[in-house]
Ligand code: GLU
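Read the single chain below, which is given as C-alpha cells and is the form predicted alone.
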C-alpha cells in the first residue's frame, strides 16, 4: 500500500486543495493521475486536502460509484480531511448563492430548450458540453426580472459580459485567455429540474471551504472562465487553477468512464498494484 500522499498531521500551510469525483461511473486512469497530482501538491505545500462528491446528476450518479471512488482513492494511498462533502446535501447553500446573483440582476430565466440553443449556436466546443448561448435569446437588460420560484421549473443563466477578455495563469498550462460571448456564452447556473449547475455548485463550495488551488483535468479549462466570472460576481477571490493534460487510449481518444478495462476497479481486480500505477504517472508526461 502506498502511503505517500497527504498527512492530516503537522499541517502548517494555508494551502487547501480538493478532490471532486463525480459518481457517474467508475474512476479510470485519467482520474487517478489528476487526483494523484492534486494530492501531491497539497502534500508538498504541507496543506489540507478535502474530498467532495459531485453527485448532482440525478440521472447518472449512483451510490455504488461513490463507494467505488472512495475505495479506489484510498487504495492509491490518498488521504483527505473529514468530513467528506456531499453536494446533494448542500442544496440550501447553492440556493443562497443563486438568490445573491438574482438580487444583483446577473441572471435571467431561459425558456429555450437545449435543442433550440444547439440549433441556433451550432456544435459546442470540443471537450465542452454547453453550446454558446445566442445573444438574441437573451431578454433585454432593462426588462423586468422574474422572481425565483420556490421550486424552480425553468433554467436560469448567468449573463456574461460581451467581448470581455478573461485571462488566468494556469499552474500547468500557462496563460489562458477566452473572450466572453464568443468563446463561451451565457451559461446555466440552475436547471429546470431544480438542480444547481456544476458551475454554481463548484464555485459555492470552493468559496465555502476556502480552497486555494483547484487541480483538475484540462477538459475543464473553459469551465474555469465561467467560474472566474462567478467568483467576481460574488466578490470573492478565486483560487489558483492547474489543469492536468488528459490521458488518452492507444487510438488517441481521451479516456472516459466507458473505458471499463482501464477503470481502477478493473485494474485492482486484475492484480495491478498502486505502486505500478503511480510509477506510470511519475515516469510519463
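Quick caveat: nothing in here was measured; it's all calculated off a predicted structure. Positions refer to the first chain, counted from 1.
The next section is about a form of this same protein that is not shown, the form predicted together with the named molecule.
Asker: Residue 57 near the named molecule in the predicted bound form, any heavy atom under 4.5 Å?
Answerer: Result no; residue 57 lies far from the named molecule in the predicted bound form.
Asker: Would residue 21 count as a contact of the named molecule in the predicted bound form, using a 4.5 angstroms cut-off between non-hydrogen atoms?
Answerer: Residue 21: yes, in contact with the named molecule in the predicted bound form.
Asker: Taking heavy atoms only, is residue 52 within 4.5 angstroms of the named molecule in the predicted bound form?
Answerer: Looking in the predicted bound form, residue contacts with the named molecule include residue 52, since a heavy atom lies within 4.5 Å.
Asker: Taking the named molecule as it sits in the predicted bound form, is residue 198 in contact with it (heavy atom to heavy atom, 4.5 Å or less)?
Answerer: Because a heavy atom of residue 198 falls inside 4.5 Å of the named molecule in the predicted bound form, the answer is yes.
Asker: Would you kindly say which of 33, 216, 48, 222 lies with a heavy atom within 4.5 Å of the named molecule in the predicted bound form?
Answerer: So the residue touching the named molecule in the predicted bound form, by this definition, is 216.
Asker: Looking at 77 to 85, 198 to 206, 174 to 182, 155 to 163, which stretch has residues with any non-hydrogen atom within 4.5 Å of the named molecule in the predicted bound form?
Answerer: Going by heavy atoms within 4.5 Å, the stretch is 198 to 206.
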